[in-house]
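In the form predicted alone, a lone chain appears below as C-alpha cells.
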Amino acid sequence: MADYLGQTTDIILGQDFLTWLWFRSEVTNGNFSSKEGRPYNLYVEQRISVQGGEGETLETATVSGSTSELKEARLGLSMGKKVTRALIRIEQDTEAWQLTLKAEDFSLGSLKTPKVEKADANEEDDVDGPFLEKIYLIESCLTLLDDTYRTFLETRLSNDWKETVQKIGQWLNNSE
C-alpha cells in the first residue's frame, strides 16, 4: 500500500511539474536561471502526452508536430488531463540538450547532448577526453534540470501555488 501511495504522489508531482514547465516555458519565453544566477532557456518542444481517466477509462493523447501549437494537448489539459511526458530542449550559452521527461518516475529518455568532438586517431594525448566531456555535458544537463525542479518545488510548496494554478488556467483559456 505504501508503494502505491508513493507512486501516486510521484506521478501527481511529476504531472504538476511537467504542466508547470510547459506553462512557465511559454509565459517566460523559456527564460530560467540556475541556482547561481546563470541564465538558460528551457522549452517544451513539439511532442507532449496528456492523460486522463482511470482504469478502463484511461485515455492518453500524444501530440506532435514541428510547427504545432499543441492545441489538442492544451484542450486535454483544459478538460482535466495531465501532462505525462514531454520533449524538452535546454539551451545555455552555445550548448543545447534535448530529452524526454516522464512524469511517473522523472526518468529521462533520448537525451541528446551537444556534439562532442572525437579524438584524432593519431593523437595519443587524451583518449579519455571525449568520454569525460560527454559525462560533463550530461551532468550539466542534469544540474539545469535539478535547478528547474528546485524552482518548481519552491513555487509548488509556497502559498502562491493557488495563484499559479489560476494563471495556468488563464494561460490555457487564452491559448484556445
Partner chain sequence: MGFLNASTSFTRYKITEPVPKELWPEIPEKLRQFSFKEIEESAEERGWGWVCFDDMLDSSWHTAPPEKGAYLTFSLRLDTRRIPAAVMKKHVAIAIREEERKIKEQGKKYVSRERKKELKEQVQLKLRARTLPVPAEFHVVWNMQTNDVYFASTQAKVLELFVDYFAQTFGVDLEPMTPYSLAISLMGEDIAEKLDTLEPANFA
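Numbering follows the first chain given and starts at 1. None of the values given here were measured: they were computed from a predicted structure.
What comes next is about the form predicted together with the partner chain, which does not appear here.
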Using heavy atoms and a 4.5 Å limit, would one call R89 a contact residue for the partner chain in the model of the complex? no
So in the model of the complex, is the partner chain close enough to E95 to count as touching (4.5 Å, heavy atoms)? no
According to a 4.5 angstroms non-hydrogen atom cut-off, is P39 in contact with the partner chain in the model of the complex? no
Would you classify S33 as touching the partner chain in the model of the complex, given a 4.5 Å non-hydrogen atom cut-off? no
